[in-house]
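In structure tokens, one chain follows: the form predicted alone.
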């Protein structure tokens, strides 16, 4: 999917403030509100924009503890099989396959260390999990959401 400069600028404006009006975005990128709306609709239809969301401080919801858990799986467990299994655990906020010895890396958010332990126990009980290796996050050093300003885009031209 190819994005032109205006598409990238519109996406950048939405990433910075998803509540911005089409008129406000139009002022930033040099288009009318209706032209911005048409482009946003097209970007959504093509899958470039997958939704709009609010960034919430996890602690405000009681999620004060986080951990990263490496999964070591039996045999030829497929990535979709891992994904289906870990998606059943609401504390798993992201999961990906990785290089190295482990098969997958999970990011877990929980209320406290005991909660993390219970989640890991539930995940370890999955039939394909041979073992896990976990690390509790002590403090976040960098936690930068993708924010794009009007004049700088992380997207290639």
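Numbering follows the first chain given and starts at 1. Computed from a prediction, not measured in an experiment: that's the story for all the values here.
Below, we refer to the form predicted together with the DNA, which is not included among the displayed structures.
Asks: Has each of 21, 37 and 42 got a heavy atom lying within 4.5 angstroms of the DNA in the predicted complex?
Replies: Yes, each of 21, 37 and 42 comes within 4.5 Å of the DNA in the predicted complex.
Asks: In the predicted complex, which of the listed residues (69, 95, 31, 110) lies with a heavy atom within 4.5 Å of the DNA?
Replies: In short, 31.
Asks: Classify residue 6 as contacting or not contacting the DNA in the predicted complex by the rule of any non-hydrogen atom within 4.5 angstroms, answering yes or no.
Replies: Heavy-atom contact with the DNA at 4.5 Å: present for residue 6.
Asks: What residues in 94-109 sit within 4.5 Å of the DNA in the predicted complex, counting heavy atoms only?
Replies: Not one residue comes within 4.5 Å of the partner.
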